[in-house]
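One chain follows as structure tokens, the form predicted on its own.
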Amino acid sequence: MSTDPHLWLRHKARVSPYEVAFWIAALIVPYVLLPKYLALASQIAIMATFCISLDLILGYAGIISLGHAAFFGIGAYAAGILSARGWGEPLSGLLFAAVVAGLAGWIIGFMIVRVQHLALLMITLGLSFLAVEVANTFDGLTGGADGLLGIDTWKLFGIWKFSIWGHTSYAYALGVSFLIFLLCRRLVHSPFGLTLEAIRENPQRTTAIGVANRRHLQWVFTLSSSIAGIAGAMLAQTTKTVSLESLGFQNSAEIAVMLILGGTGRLYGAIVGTIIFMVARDQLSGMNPKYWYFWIGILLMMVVLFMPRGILGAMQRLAAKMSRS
């Protein structure tokens, strides 16, 4: 293969037939084979978008966050409040949520890019707790512990109504998730994406050769925050409610588990991990609502012990061994 980095990037960015088949199946299978699970499928698409946003900063830039749900919740409340105040058009609500969450990410980013390791964990964790308390304090705007009610999402393009059956919700969530995926795929297979990986692997060396580490990290953190806000807005628009849990630490922890299950540094790892976690949660909570987290914990430990690069990473290694044999 050529050593030209631009040719290498173009090679990495090629769309494989497996990817095309995956997205076609994602569109067709829920409607044809699993119509009763469209509401769950729409939540999977939304959380996959959220997980991709975390993968951008953790898997590619090396920014560890335990409070990424703060931006998810900010986006949810932004779109929800906009709708509750009389403007329920979904696409402009997504844009508004992306701007608000991105602005919050840009401001927080000034602090995030200046710390590492334990300090970074503590700051992001504190951000999550702070966001919950702020939302709870301004209960006249957010609904506080009772949640934000009165959300009225208008018909998509003035034609398709959002219903409890999830037909419109799934198409909407999958379409937005697909566009976000394409954007992130283009980003990570660009010189900017390569720079982020170089910063993650050796920040001292990139600084020595003149790379503006903090500026690159702040930009990707802002983009990640906007995408998380879009995911939160989709959840608010499709479920027509927002609660404090959307901002909380548990939401951040769950999305991190999804990413670890699928494999960090692989956008499809975020999607695979989300599917496995959400389906497992749905099935396990149905069998035992009280102890289903126990089995999720067992699954996570097994993956970390035997598949340290996640399920997708293990599948890629297995495929490489089979191709060599």
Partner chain sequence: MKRTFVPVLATTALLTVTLASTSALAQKTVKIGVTNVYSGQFADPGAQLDAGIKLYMQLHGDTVAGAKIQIIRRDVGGIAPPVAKRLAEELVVRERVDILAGNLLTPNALAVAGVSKDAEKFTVVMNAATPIITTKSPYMVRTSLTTSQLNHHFGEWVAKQGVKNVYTMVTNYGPGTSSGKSFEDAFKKKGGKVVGADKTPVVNPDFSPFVQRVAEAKPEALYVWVPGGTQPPALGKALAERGVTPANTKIFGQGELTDDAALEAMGKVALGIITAYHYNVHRDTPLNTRFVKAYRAANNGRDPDIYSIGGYDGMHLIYEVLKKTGGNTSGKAMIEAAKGMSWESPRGMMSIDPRTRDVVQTVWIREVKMKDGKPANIIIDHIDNAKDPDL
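Numbering follows the first chain given and starts at 1. Remember, predicted model here, so these are calculated numbers, not experimental data.
There is another form of this protein, the form predicted together with the partner chain, and it is not shown here; the text below is about that form.
When the partner chain is considered in the model of the complex, Asn136 lines it closely, a heavy atom lying within 4.5 Å. In the model of the complex, at least one heavy atom of Glu245 sits within 4.5 Å of the partner chain. Proximity of Leu235 to the partner chain in the model of the complex falls within the 4.5 Å heavy atom cutoff. Residue contact check for Ala39: one or more of its heavy atoms lie within 4.5 Å of the partner chain in the model of the complex. The contact residue chosen from Leu91, Val99, Ile107, Ile164 relative to the partner chain in the model of the complex is Ile164, the criterion being a non-hydrogen atom within 4.5 angstroms. Within 4.5 angstroms of the partner chain in the model of the complex, the stretch 256-286 places a non-hydrogen atom from each of Met278, Asp282, Gln283, Gly286, taken in sequence order.
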